[in-house]
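What follows is one chain in structure tokens, specifically the form predicted on its own.
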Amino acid sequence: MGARVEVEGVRKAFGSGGEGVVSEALAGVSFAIGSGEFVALLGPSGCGKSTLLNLLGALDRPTSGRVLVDGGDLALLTEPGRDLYRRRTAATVFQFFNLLPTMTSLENVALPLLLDGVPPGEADARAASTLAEVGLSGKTGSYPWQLSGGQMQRVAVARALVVSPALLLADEPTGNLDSRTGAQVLDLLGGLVAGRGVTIVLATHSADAAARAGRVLSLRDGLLEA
């Protein structure tokens, strides 16, 4: 089941000194995302998309306002609680894949489970099953350098999915892919909503990519556009 997300009057400022705030990445943003929704955050570079994803992933805290996931305020989590949240509730897919080059696809996908204390045999079985789910059952023994860009992104999606997250955060996941391969990855993400009920938040500067989501939130200069 997907997570429910509520963002309430969130501001995020970076840098301060004698002359005041240097920059405000988010200037009072509010919205809600229902369980199992696929929502796109659309906007140009510097509009606040990645800052919002970092807040939703408990990688940062807002300057003011609240970010709630299933009713829990992420800012109130202890450091161990934040680690646990990132291991079990919210997973992220990155633009640059972030696969470990010395590990096979299976090993890359199994790694989050091993770090969470899952026995190696179970971790490998779950990793193999998840790779099959994203269409890569024949690539379990392949290293990243042996894969295409689209295949590497599918491995990255599998690595995020293997922990059965309630919330999947995708930061420009098609930014390094050609249009056809990018569309396949977006189809995969859309299918996860139907098949697993995962809540997905996609950050993108591409209107075409955003249009694949069920709902689009447009950001500019740290604010939601009407």
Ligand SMILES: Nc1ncnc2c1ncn2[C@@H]1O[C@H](COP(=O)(O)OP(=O)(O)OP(=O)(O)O)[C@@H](O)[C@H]1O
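Just so you know, these numbers come straight off a predicted model, no measurement behind them. Note that residue numbering follows the sequence shown and begins at 1.
As for the form predicted together with the ligand, it is not shown, yet the points below apply to it.
Student: Tell me which of 29-37, 42-50, 155-163, 179-187 has residues with heavy atoms within 4.5 angstroms of the ligand in the predicted complex?
Tutor: Only one stretch qualifies here: 42-50.
Student: For a quick test of understanding: in the predicted complex, does each of Phe94, Glu107 and Leu169 have a heavy atom within 4.5 Å of the ligand?
Tutor: Checking in the predicted complex: none of Phe94, Glu107 and Leu169 is within 4.5 Å of the ligand.
Student: Under a 4.5 Å heavy atom criterion, is Ala210 part of the interface with the ligand in the predicted complex?
Tutor: Contact with the ligand, no.
Student: May I ask you to check whether Ala25 falls inside a 4.5 Å heavy atom distance of the ligand in the predicted complex?
Tutor: Yes.
Student: Sequence order please: the residues of 116-149 with a heavy atom within 4.5 Å of the ligand in the predicted complex.
Tutor: Residues within 4.5 Å: none.
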